[in-house]
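Shown below, as structure tokens, is a lone chain in the form predicted on its own; questions about how it binds or moves come after it.
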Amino acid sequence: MSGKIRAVLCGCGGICKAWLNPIAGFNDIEMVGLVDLNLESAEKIKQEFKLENAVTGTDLKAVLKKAKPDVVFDCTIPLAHPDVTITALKKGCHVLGEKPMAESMKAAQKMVKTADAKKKIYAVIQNRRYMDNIITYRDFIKSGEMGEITTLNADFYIGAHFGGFRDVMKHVLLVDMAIHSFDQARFISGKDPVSVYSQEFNPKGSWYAHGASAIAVFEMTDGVVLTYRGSWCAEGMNTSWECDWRAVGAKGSCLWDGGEKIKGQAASNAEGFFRTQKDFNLPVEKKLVHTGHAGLIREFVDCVKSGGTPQTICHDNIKSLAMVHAAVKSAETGKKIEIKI
């Protein structure tokens, strides 16, 4: 496929601006349609981003028929993702959607099957894979300097006052946010989930209705253990949105604060109760041309044109989603859950 990619964006709430701002910088994407259940929201976005030629409407099928796009960008709430994605795929469009794929594994599996049947790309926004520092951290762990990875720990503590649907959403941390951290863990470690035991709770002082905090222990492939501790109602001493990480290997350990700081150490001698530690020489940070949403959208569009495969293709991302649903099931049942895709 050559020339401009014609795109329809479905869901004109606040998150859509994180898409439309970078899209405005790409001269090979033409926004030809905007869909929202509230027509006023679609019209407002049309005016704000000066999309004079974009069709607006409340019904996705009707807008697809008029606009004839190549791709659909799904910025709707999680509950709507399956219907939007499957509708777009069946109409012959490639889809890039917000996370999480779906609120159930059954729905996510149907989305993947539909993409396969229609021979279309369906990928999911996991913008944290497109950060300079996470790639530096991942690449150092892969280098083998700290030995084979055995343990990965992630801490996420943010006092986030959203308002809106999240305040009343069940399993709000695990379902709406932890997908990012779990996907980061797979990206960093190169391992996939095997099982999980988790506990979910809503601490005193929480302004959420359900599940604002959680602790989960995952067994990953090759015996790697991943621990996740998180809260969306923790005031003070916030971590970054990208988590605070510790990777432990057979020869040493490496920390990343989710921002600019990466530091690793290993023992420099073979004697003594506490061995003398030496700092690792970390690789030079690789600078991406496009980061975050811009990086993911750019890769997706390039793959639509070339027939390539985005790294967040649904077949891969469903593994991260499976971690979420298994963690929820473990929290609900109090049992260790095997993870099956």
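Each residue number is its position in the shown sequence, starting from 1. Bear in mind the structure is a predicted one, so any value in this text is a computation, not a measurement.
Just so you know, the form predicted in complex with a small molecule exists too; it's not on screen, but the next bit is about it.
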- Task: Please state whether every one of the three residues 190, 246 and 249 places a non-hydrogen atom within 4.5 angstroms of the small molecule in the model of the complex.
- Result: no
- Message: Can you work out which of 120, 99, 171, 129 has a heavy atom no more than 4.5 Å from the small molecule in the model of the complex?
- Response: 99
- Answer with one of 264, 230, 211, 78: the residue that has a non-hydrogen atom within 4.5 Å of the small molecule in the model of the complex. 78
- Message: Within 4.5 Å, heavy atoms only, one stretch in 222 to 230, 253 to 261, 145 to 153, 99 to 107 touches the small molecule in the model of the complex. Which?
- Response: 99 to 107
- Message: Does any part of residue 125 reach within 4.5 Å of the small molecule in the model of the complex? Heavy atoms only, please.
- Response: yes
- Though only this chain appears here, would residue 197 touch the small molecule in the model of the complex if you measure heavy atom gaps against 4.5 Å? no
- Task: Look up in the model of the complex whether residue 298 has a non-hydrogen atom within 4.5 angstroms of the small molecule, and give yes or no.
- Result: no
- Would you please decide whether residue 14 lies within 4.5 angstroms of the small molecule in the model of the complex, comparing each non-hydrogen atom pair? yes
